[in-house]
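Quick heads-up: it's one chain on its own, the form predicted alone, in structure tokens.
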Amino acid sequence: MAAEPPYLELLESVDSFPHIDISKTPYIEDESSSFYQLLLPNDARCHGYIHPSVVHKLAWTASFQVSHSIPRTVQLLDDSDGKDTAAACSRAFYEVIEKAVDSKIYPFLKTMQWENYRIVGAKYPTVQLLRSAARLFGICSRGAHMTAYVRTNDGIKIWVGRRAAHLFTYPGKLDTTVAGGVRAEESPFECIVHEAAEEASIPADFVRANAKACGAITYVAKSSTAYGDDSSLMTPVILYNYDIELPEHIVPRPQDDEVEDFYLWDLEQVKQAMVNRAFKTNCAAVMMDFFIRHGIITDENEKDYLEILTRLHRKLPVPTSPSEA
């Protein structure tokens, strides 16, 4: 039998930001070890943590008030004139990001998709900003993943995708069956429905009727060096997980140019790929969550079981609900 994957080590490359009290960093005397709180209008809660390098590089407009005194803050002002505050906030973010694109200080802003994320937990739920810029503002990113599996006489087999070689991040790495960032205008489930059709040719009606919501995992990541930015940037992440059992006649097939191929693998093949670090890092975490829910990883067979559970559900340093505690 193949060696068991080093699950905890794999998780450490996903939940990679130091386990510190992030909320205290804007109060640190040494600015290089600090973050700036991102504050939205009429809300005292911090919705993002911006690294000092970003604060000094971005060309802030009059819609933002930057304070370098402790606690360090970037306050978004309400320029709505009593009308649509959410639209005014989104417009203010867009103007700053547009300046960054024009100045080419962050090349990945032009390379990545022009999709928007909404700010999780904001009082104004339609506040949004460019997906690829989310890491600059330290806001929470949302993704959705669906693991498709088949029950056979030999046990569960899992459909594993391989990312296309031309992708900007993790080219050629293994992926969950279906995955995508949750756009501002959609729910996690709607994300899965359209990604399943676009990436894997799984009919939308079948997904709507059979996909099962299985909770979410949360972690805090350092920004990937693939983006060419400061690796000290911090990104809180929520991944909504779904399972779907496929009959034999539904076979995932690449539909767009993001997936190279799909493989139907037994558990030992999946585990070996994890041992070889062949999965995109957060997809390995999604696979662990699947293993736990299906009794493949248990307290009896994994010495780090409780630590793994904890690391898959890290408390995020930003609000996840529009209601103030």
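What you see is a predicted model, and the numbers here were worked out from it, not measured in a lab. Position 1 is the first residue in the sequence shown; the rest follow in order.
We do not show the form predicted in complex with a further copy of the same chain, though everything after this point is about it.
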| query | finding |
| --- | --- |
| Contact at 293, 313 and 321 by a further copy of the same chain in the predicted bound form, all three, heavy atom at most 4.5 Å | yes |
| In the predicted bound form, residue 103 touching a further copy of the same chain (heavy atom, 4.5 Å) | no |
| Interface membership of residue 266, a further copy of the same chain in the predicted bound form, 4.5 Å heavy atom rule | no |
| Residue 72, heavy atom within 4.5 angstroms of a further copy of the same chain in the predicted bound form | no |
| Exercise: residue 213 in contact with a further copy of the same chain in the predicted bound form, heavy atom 4.5 Å | yes |
| Interface residue in the predicted bound form among 206, 108, 94, 240, criterion: non-hydrogen atom within 4.5 angstroms of a further copy of the same chain | 240 |
| Per-stretch contact check against a further copy of the same chain in the predicted bound form, the hit in 59-67, 277-285, 40-48, 296-304 (non-hydrogen atom, 4.5 angstroms) | 296-304 |
